[in-house]
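Two forms of a single protein chain come next, each set out by itself as structure tokens; they are called structure 1 and structure 2.
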Structure 1
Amino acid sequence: MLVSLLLVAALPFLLFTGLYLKSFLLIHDYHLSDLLFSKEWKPASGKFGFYPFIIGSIWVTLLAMVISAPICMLTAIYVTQYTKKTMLRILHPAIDILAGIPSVVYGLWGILVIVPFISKYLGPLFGVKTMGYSILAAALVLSIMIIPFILNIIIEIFKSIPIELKEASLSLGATQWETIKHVLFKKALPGIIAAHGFGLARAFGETMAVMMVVGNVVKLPHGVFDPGYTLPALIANNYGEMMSIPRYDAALMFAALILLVVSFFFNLIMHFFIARYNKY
């Protein structure tokens, strides 16, 4: 058991060390600020600017969270507080099915449905001419992918709240909605923060589905209808054929290192907020 514990605890450090050593050639030759904030990506000319990929990943992730977060919260409140348990028993298999669908299937669905919808209807509605492959298409597909992940956690959090808290609030004259807003939501807040934090980290690293609909154009997006390029898509599109070029290979390893560090900080910030909330 101790060996298993040490192995699990060591895995993040082993991942970080391996990626750092593989990307050391790039880190040694270039200043870190040039790599993170340069807009030029021309590997043949020795220019490795990751800024467009970082911004593309942030755009897609945050927009996906803006879409999915209220849906998850409202659904979880409705099925745990307003409906009969039969509805929850029906909903759980649907959530599990959504969670188990391979990401490539979501990507194909995005190409067949979301991309044409944006190019033919949504873009013209806002006076924008677009092919449909865009930040918005990737965010819509990604939001659907992370809904079951976040929703399952929030439902379990609400189910774990002692029924006595709800009954005490109702017995004092509070309405159902007042009880949810002032008692249950306050009790569940640390878990809700954690659920969205883990969902954020999960969304930031999603690869295949996003890569298929985001456009994969190396430029800074200026709106949700613009194409973009994410860090995971950069690795997936180029790694196999670029392994023989040392500096290019190091650049892709550095992209993976950025993803690992960002995911670590997402989780660290969520744990900080939870600990700070629980203190008070």
Structure 2
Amino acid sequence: MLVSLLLVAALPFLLFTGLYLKSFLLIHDYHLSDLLFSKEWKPASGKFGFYPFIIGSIWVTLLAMVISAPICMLTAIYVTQYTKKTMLRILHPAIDILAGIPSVVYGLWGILVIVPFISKYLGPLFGVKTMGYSILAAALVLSIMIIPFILNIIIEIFKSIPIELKEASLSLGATQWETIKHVLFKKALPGIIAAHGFGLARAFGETMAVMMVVGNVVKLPHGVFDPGYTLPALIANNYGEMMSIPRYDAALMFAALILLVVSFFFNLIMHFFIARYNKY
């Protein structure tokens, strides 16, 4: 038992150390700020600028969050405050299935539905010529993927608010809407922020679905219809040739290290956030 436990507990440190040692070659030879903020990505001539990938990841992730956050909020309030319990009983399996659908299947769906939708309708609507493979396509697919994850947590949060708090506000003469807006929302806010933080960390590391629709072009995007490239996609796309170019493998492991650190960072903050509020 103890051995298993130690193995599991050591896992994050193992991952970190392994990736760090592997990318040490790169970190040692270049300035960290050059790696993170240089735009030039030419592995063959020894230029490793991660900036386009970092920016691509940030665009895709934030846009996905902007799309999914209001949907999750509105749905969670609707099903916990306005509908009968039956609605929740129908929604839960739907959330489960959405959460269970594999990343590649989302990617396939993106190629079949979202990409043509953008190139045929959305692009022309905004007067943009686009292939459809774009930051926007990736963000749309990603937003659907993180909805079940975030929504589940927010529903739990709203359900955990004691009904007496609602009673207190209503008995002061507030309408249901005023109660939701001023009392329940406020009570749930730390949890809502944490839910989105977890969602964000997940979205940032999502690989296959994003890679299949984002376009994979190493260039700083100027708009949501531009194609882009993300850090996870960089790793997944280049594993085959990474042994053939010097320091290339170190560069890909450095990308993995960034993902690991970002994931730790967000999960850590959100856990403390929740822990702090659980005390009250």
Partner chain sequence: MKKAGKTEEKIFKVLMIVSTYFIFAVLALIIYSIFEKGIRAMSWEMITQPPSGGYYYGKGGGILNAILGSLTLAIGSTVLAFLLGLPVALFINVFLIRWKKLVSFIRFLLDLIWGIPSIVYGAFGFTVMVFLGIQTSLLAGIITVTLFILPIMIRSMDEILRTVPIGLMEASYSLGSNKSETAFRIFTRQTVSGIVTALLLSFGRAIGDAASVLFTAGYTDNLPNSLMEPVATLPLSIFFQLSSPVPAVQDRAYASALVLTLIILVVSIFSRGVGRRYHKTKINF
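By rigid core we mean the largest C-alpha set that fits within 1.5 Å across both forms. Every residue number counts along structure 1's sequence, beginning with 1. The structure presented is a predicted model; accordingly, all values stated were derived computationally and were not measured.
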property	result
Panel number for the form predicted together with the partner chain	2
C-alpha of Leu25 off by 2 Å or more between structure 1 and structure 2 on rigid core	no
Per-residue C-alpha change between structure 1 and structure 2, Ala256, threshold 2 Å, rigid core fit	no
Angstrom displacement of the CA atom of Leu268 between structure 1 and structure 2, core fixed	4.1
Angstrom shift of the Cα atom of Phe13 between structure 1 and structure 2 (superposition on rigid core)	2.9
